[in-house]
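One chain follows as structure tokens, the form predicted on its own.
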């Protein structure tokens, strides 16, 4: 039987072909591990072999120059093997303890902070922003850069009650996921429709189906096929914009940032939770986003001071209660923080594909 051609760009790639030989030999046979210092993980296998992983903060979208620089550092100061974490940090693996300090010194000299392990503010996970996504209302990677400049000290130290995961999303669909703190764009106005272009640019049934709350329907405007939005149903999510650019949702004045708190995927000490809105209407001010950064730093300062050891942010808020949270962080509590989505049943039942 002829050997079949291996699949291309489908399925999970084989991780072992790029793995450090020592990691391959001891795969699934680790005895214990510790953290000698922030940014360094030390693993010991059942066989007695040891490996040190040095984690450095790197941006998610890297230019060729940066990739080559990191590879050169890995070849010269490590052992030529690296991998990236799910939060876009690079890790260098070495089996000789004497290589750890020179590797850290070189990374820091080249501007790559070493940290993000243990009870620290880990690197911010973010969506793709203007570079790849077709729906962004802001540049998520820009918010990450400006905020991590402010939180550098908390990345290279382990002084938080527990690890803090921060995420940013450039639209309300929030593919950045749940986080202890999340910064998301928030459109506050329904889309503005250029009716002259809809008939030539948009596949109207696709746009109607894309709306999660069935707020869009076909219409004829000025004798031309177009679309219309039921503004009472519209939640201003922006899902209609990618399949129909004439339905412009981004607005320099009415697209704001919002901050959410208390989300987590872990179930180590409590069940996974969705994050909750704590601040809205924050100006979307590139390139430094100072207003959003100030609120995030205030929340982190209060959490660091008030939380008990090993409490994630969701656990801390659950213990002290939301009224106390808003009191400590000095954030205003408004009617928009009340979770009273009473229209969900009627709105979703209007859809042809959701029934309950």
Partner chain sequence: MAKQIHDTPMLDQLESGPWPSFVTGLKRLAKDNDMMVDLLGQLEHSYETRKGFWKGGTVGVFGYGGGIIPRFSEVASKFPDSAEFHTLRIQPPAGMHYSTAVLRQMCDVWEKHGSGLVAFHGQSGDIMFQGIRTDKVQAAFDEFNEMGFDLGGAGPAVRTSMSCIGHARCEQSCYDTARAHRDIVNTFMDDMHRPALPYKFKFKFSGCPNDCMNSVQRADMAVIGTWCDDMQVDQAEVKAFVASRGRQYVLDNVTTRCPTKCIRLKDDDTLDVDNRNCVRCMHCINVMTKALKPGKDRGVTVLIGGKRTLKIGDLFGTVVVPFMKLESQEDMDRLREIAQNTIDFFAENALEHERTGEMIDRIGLVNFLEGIGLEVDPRMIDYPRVSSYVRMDGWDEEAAKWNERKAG
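Just so we're clear, the structure is a prediction, and the values are computed from it rather than from any experiment. Residue numbers count along the first chain shown, from 1.
Below: the form predicted in complex with the partner chain, not depicted.
### Query
Is it the case that 71, 266 and 275 all touch the partner chain in the predicted complex, with a non-hydrogen atom of each within 4.5 angstroms?
All three within 4.5 Å in the predicted complex.
### Query
Can you check whether residue 332 is within 4.5 Å of the partner chain in the predicted complex, heavy atom basis?
It does not: once the partner chain is placed as it appears in the predicted complex, residue 332 has no heavy atom within 4.5 Å of it.
### Query
Does at least one non-hydrogen atom of residue 48 fall within 4.5 angstroms of the partner chain in the predicted complex?
Result no; residue 48 lies far from the partner chain in the predicted complex.
### Task
Decide whether residue 31 counts as a contact residue for the partner chain in the predicted complex under a heavy atom distance cut-off of 4.5 Å.
It does: once the partner chain is placed as it appears in the predicted complex, residue 31 has a heavy atom within 4.5 Å of it.
### Message
Against the partner chain in the predicted complex, would residue 123 count as a contact residue? Criterion: heavy atoms within 4.5 Å.
### Response
Although the partner chain is absent here, residue 123 would touch it in the predicted complex, with heavy atoms inside 4.5 Å.
### Query
Which single stretch, out of 194 to 202, 224 to 232, 96 to 104, 129 to 137, brings residue heavy atoms within 4.5 Å of the partner chain in the predicted complex?
So the stretch in question is 129 to 137.
### Query
Which of the residues spanning 90 to 118 lie within 4.5 Å of the partner chain in the predicted complex, based on heavy atoms?
Heavy-atom contacts to the partner chain in the predicted complex: 91, 93, 111, 112, 113.
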